[in-house]
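The chain that follows stands alone, in the form predicted on its own, written as structure tokens.
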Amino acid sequence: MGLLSVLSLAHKWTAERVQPGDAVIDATAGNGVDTLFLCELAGPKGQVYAFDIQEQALRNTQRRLERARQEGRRIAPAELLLLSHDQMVQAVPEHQHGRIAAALFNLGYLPAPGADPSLITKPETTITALESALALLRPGGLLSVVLYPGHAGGDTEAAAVDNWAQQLDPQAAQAAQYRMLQKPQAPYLIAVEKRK
């Protein structure tokens, strides 16, 4: 058995934190893989907030969720928001602030046919979104960030996120990194646990 992929580990750690009925965030809906994963974890009594700036991403996500419902899977309702993830504090209802169990970020570009690969997540909005997500988490909540340094602009964003995570007050949040050391351009994971 090999090492877990960064996405598999992100999902494993998230699954350890999210209970049925929880509220969770997919900060980068993309093709809906993480959104559906969170909907399954939170269950019918939970709530998922999924953000993306591309209509194509939200359409892809909606189709994935509809297929899951047609298959009889019991999943949480998902609010699909055509907004940048740096707007999440304003978009997530106030009664959920400080109660979010987990927030997933899968950075980079939309990997879908016809999508524009030059439309990527940017350090400026990503750092604001990470700060927002951390504020929205409950104590013990998990913030998971998959980074892609191998594409144009990805290395700059990864460096900014690394720096942000290293500067976190360890009394408030604990950060860990998971990566393949022999492949510096491979995707890697930063996970942050909110402590208080």
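Sequential numbering from 1, following the sequence displayed. Since the model is a prediction, treat every value here as computed from it, not as a measurement.
One more form of this protein, predicted in complex with a small molecule, exists but is not displayed; see below.
> Within 4.5 Å of the small molecule in the predicted complex - does that hold for a heavy atom of every one of 14, 47 and 100?
No, the whole trio is out of contact, none within 4.5 Å by any heavy atom.
> Examine residue 29 and determine whether its closest non-hydrogen atom to the small molecule in the predicted complex is within 4.5 angstroms.
Taking the distances in the predicted complex, the answer for residue 29 is yes, it comes within 4.5 Å of the small molecule.
> Examine residue 54 and determine whether its closest non-hydrogen atom to the small molecule in the predicted complex is within 4.5 angstroms.
Yes, residue 54 sits close enough to the small molecule in the predicted complex that at least one of its heavy atoms falls within 4.5 Å.
> According to a 4.5 angstroms non-hydrogen atom cut-off, is residue 161 in contact with the small molecule in the predicted complex?
It does not: once the small molecule is placed as it appears in the predicted complex, residue 161 has no heavy atom within 4.5 Å of it.
> Quick one: is residue 89 in contact with the small molecule in the predicted complex, heavy atoms, 4.5 Å cut-off?
Residue 89 lies outside the contact set for the small molecule.
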